[in-house]
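Below you'll find only one chain, the form predicted on its own, shown as structure tokens.
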Amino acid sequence: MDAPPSPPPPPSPPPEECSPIAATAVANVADDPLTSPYASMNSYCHDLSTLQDLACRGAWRTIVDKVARSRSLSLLSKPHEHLIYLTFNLLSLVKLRRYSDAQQELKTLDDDLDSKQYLYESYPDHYPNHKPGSMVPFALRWLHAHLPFTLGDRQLALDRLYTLLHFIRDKKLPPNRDSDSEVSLTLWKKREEFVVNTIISHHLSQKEFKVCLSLLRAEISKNDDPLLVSKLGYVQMQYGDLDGAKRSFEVVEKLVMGSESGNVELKNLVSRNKALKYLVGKDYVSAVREYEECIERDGSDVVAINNKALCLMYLRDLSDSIKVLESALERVPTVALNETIVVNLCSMYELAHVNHADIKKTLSTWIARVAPDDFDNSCTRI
């Protein structure tokens, strides 16, 4: 199942040259950059652009060190800055699988994230011109819900995720549907999809298929998104309803073909669904053909790359299956380097080579040089 989309990053800095209107706007909000769409990330929060860059590169240990240093030197002057740095620190600790440390960090907050102490209007001296509302980042709300799951408290995690879902759905837009409210609507829709996908993943991990089907059908009734309908097909397939999955995949194909869009991602979605049907029927040759079409359209489609290699392995063509994964790691390491692909590649090495230990050590050395901090090196099984 495709992973849900992550929350979008903070707005990018403005271009160096801007219109006279924009320049005037920048000058007018010098005292309160939070209200300006033209303010840079660093004027919004101390050195935020560096944190953003480090997170994009997976430098989680560096973020933890930077947050500790900023706190020790008292570089954070406003309440919202403390919350932003706490969010980056919490995310980094979770990524590094330091869940107990993350729990201790979270305990520094009030468990009620809607408390008055997290409202801009509670600090008029700091935010004299800011509109009322919460300063809690959405990512912090999601981490607050997700963390109990990593500590073994699944029920608390689900309770918080459902509470977060209701929070998102209760958000009200201003009555005038201007461009800003449209942007806000799009953003909250993405957040809703993200949380729904997280909830479905939790239920799916426990094989609670009926709950997943109910959630997906409720979402599809509001928005017949091809991605959602595909997820419905995946759950139906795991549930054993192959005919239902086939019908869902046919609906996806009609939606994509009827949209008259040249969206490569959606075309690949249709091809991957077809390949999945061939896989279930053990027609690996036809599945490989579909995956090859996906890779021709998008050379970084790691799902198609991984599944093509597995199909070739099932066809007893270990040499080519290894080449497919090695080529992907060489061409697009930033997207292909994940634990699933490395585990599969190491399994193929073990089947194909007598000296697989030496080959896996070479792979592990390369991974240590290029992988983000949160990569789990144990997947090489050395």
Partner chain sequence: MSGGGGGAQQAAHSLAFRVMRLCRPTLHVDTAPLKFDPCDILFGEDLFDDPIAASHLPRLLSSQSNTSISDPSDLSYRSRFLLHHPTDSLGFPGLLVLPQAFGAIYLGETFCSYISINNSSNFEVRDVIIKAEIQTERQRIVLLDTSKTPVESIRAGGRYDFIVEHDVKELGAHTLVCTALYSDGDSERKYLPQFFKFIVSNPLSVRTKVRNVKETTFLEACIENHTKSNLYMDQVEFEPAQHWSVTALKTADHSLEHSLLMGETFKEPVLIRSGGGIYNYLYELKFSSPHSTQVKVEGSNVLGKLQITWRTNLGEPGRLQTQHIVGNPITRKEIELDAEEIPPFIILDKPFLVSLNLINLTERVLGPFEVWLSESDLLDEKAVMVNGLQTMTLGEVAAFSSMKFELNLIATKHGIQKISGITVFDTVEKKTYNSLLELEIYVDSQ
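Every value quoted in this text rests on a predicted model; they were computed, and no experiment measured them. Numbering follows the first chain given and starts at 1. Definition used throughout: the rigid core is the maximal C-alpha set that superposes within 1.5 Å between two forms.
Beyond what is shown, the protein has a form predicted together with its partner chain; the following relates to that form.
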Which of these residues, Ser122, Ser184, Ser286, Thr163, gets a heavy atom within 4.5 Å of its partner chain in the predicted bound form? Ser184
Listed residue that, although its partner chain is not shown, lies within 4.5 Å of it in the predicted bound form (heavy atoms), from His126, Arg98, Arg247, Arg71: Arg247
Glu326 versus its partner chain, in the predicted bound form: is there a non-hydrogen atom within 4.5 Å? no
May I ask you to state whether Met257 is within 4.5 Å of its partner chain in the predicted bound form, using heavy atom distances? no
Is Leu213 close enough to touch its partner chain in the predicted bound form, meaning at least one heavy atom pair within 4.5 Å? yes
With a cut-off of 4.5 Å between heavy atoms, is Asn307 one of the residues that contacts its partner chain in the predicted bound form? yes
Of the residues spanning 295-316, the ones with some heavy atom within 4.5 Å of its partner chain in the predicted bound form are Asp298, Ser300, Val302, Val303, Asn306, Asn307, Leu310, Met313, Tyr314, Arg316
Once both forms sit on the same rigid core, is the C-alpha displacement of Thr334 at or above 2 Å between the shown form and the other one? no
How about His46 - superposed on the rigid core, does its CA move between the shown form and the other one by 2 Å or more? no
Does Arg61 move appreciably between the shown form and the other one, meaning a CA displacement of 2 Å or more on the superposed rigid core? no
